[in-house]
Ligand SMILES: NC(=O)c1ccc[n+]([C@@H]2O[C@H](COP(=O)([O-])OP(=O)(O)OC[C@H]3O[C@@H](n4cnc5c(N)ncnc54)[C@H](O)[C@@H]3O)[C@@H](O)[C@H]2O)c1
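Shown below, as structure tokens, is a lone chain in the form predicted on its own; questions about how it binds or moves come after it.
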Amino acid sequence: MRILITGICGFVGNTLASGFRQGWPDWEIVGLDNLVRAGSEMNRRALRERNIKLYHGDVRNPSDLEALPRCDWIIEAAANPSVLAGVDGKTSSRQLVEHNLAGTINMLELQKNWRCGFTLLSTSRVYSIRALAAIPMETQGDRFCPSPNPAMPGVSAQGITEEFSAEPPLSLYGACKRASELLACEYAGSFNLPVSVLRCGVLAGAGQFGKIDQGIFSYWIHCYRARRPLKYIGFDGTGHQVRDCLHARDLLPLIARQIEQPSAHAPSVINVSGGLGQSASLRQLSAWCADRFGAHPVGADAKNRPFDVPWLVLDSTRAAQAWVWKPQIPLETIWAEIAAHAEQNPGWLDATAD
């Protein structure tokens, strides 16, 4: 079995590659990365030490794919992960669309030519910002919670289900991911190929790069330990906004099961998240950091930003039913792992921020 992982020098790609090398030693893992992100070279060295073959190339360039060996499965983990990408002045809208949509199209064409399987790592950001903002909220302690029985389609007692609205506005990032999902499913149906779309919650773990768009939990813990400025933004500056948290290693058994036993009857699109049991507000995270590192002031800016939502927790019931999957690594274990990495690597933010 030969597996291709795009974006293999990123946090998620590297975590998957390392996990498959350890847990599935008979598989051959190859990777593709353009190595433009700060921190990529560190992961490149780690991959080399594990005898994982890396091809230097960009998913946006079809000619870069010609040198790749034929593989049995593609895991598409290459993406610009920022919800502000294309509108923040750091990345143009064209660059975002080329990377997050055109790149996926190129990989789907490769899948068609190879007649192989395909896993698309998608995001909770495919769900409608307007609909998420319309969920009635109440404050319970240091966090927002949906009001009981909100009576909205796609909202369960466990969170946001796959039936929740995916109508715009989503953000350019979310729209590219949603378009990629639709195309992946169409390629699957048109060419009779196995495809899995994993809508991930906030992925986290040690070694995540020091940028806020890489994951708010890791970024917050690193900044708190380093005594960098932090601020609660929007929602009256309370820090009550909530997200779920999933360790990237918890993706391994799910993806492996789908590769080893692809099912034409299983749903193509599933939420994969830490769920309610592994969700927290920024204020709760700050309290945990204070216990670990000591007190550190957090500022406040009450003004809401266009793409922020007060509460986004995914319901992964469909993944549990179809693939007997649930997260294994508890929330505080994830945070402790990140904190230990921050303590052991005090220059991590600067080394991986740009």
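For every residue, the number given is its place in the sequence shown, counted from 1. Computed from a prediction, not measured in an experiment: that's the story for all the values here.
Keep in mind that the form predicted together with the ligand is not shown, yet the notes after this line are about it.
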Non-hydrogen atom within 4.5 Å of the ligand in the model of the complex for each of R94, V126 and A179: no
Which of 305-313, 292-300, 36-44, 319-327 sits within 4.5 Å of the ligand in the model of the complex, heavy atom basis: 36-44
Heavy atom of I29 within 4.5 Å of the ligand in the model of the complex: no
In the model of the complex, R143 touching the ligand (heavy atom, 4.5 Å): no
Q214 within 4.5 Å of the ligand in the model of the complex, heavy atoms: yes
is_contact(W73, the ligand) in the model of the complex, heavy atom dist at most 4.5 Å: no
Contact assignment for the ligand in the model of the complex, among A79, I160, A184, I221, heavy atom within 4.5 Å: A79
Interface residue in the model of the complex among H247, H99, R225, H240, criterion: non-hydrogen atom within 4.5 angstroms of the ligand: H99
In the model of the complex: members of 184-214 within 4.5 Å of the ligand, any heavy atom: C200, G201, V202, L203, Q208, F209, Q214
Direction of Cα pair change Q214-K303 in the model of the complex, magnitude 3 angstroms or more: closer
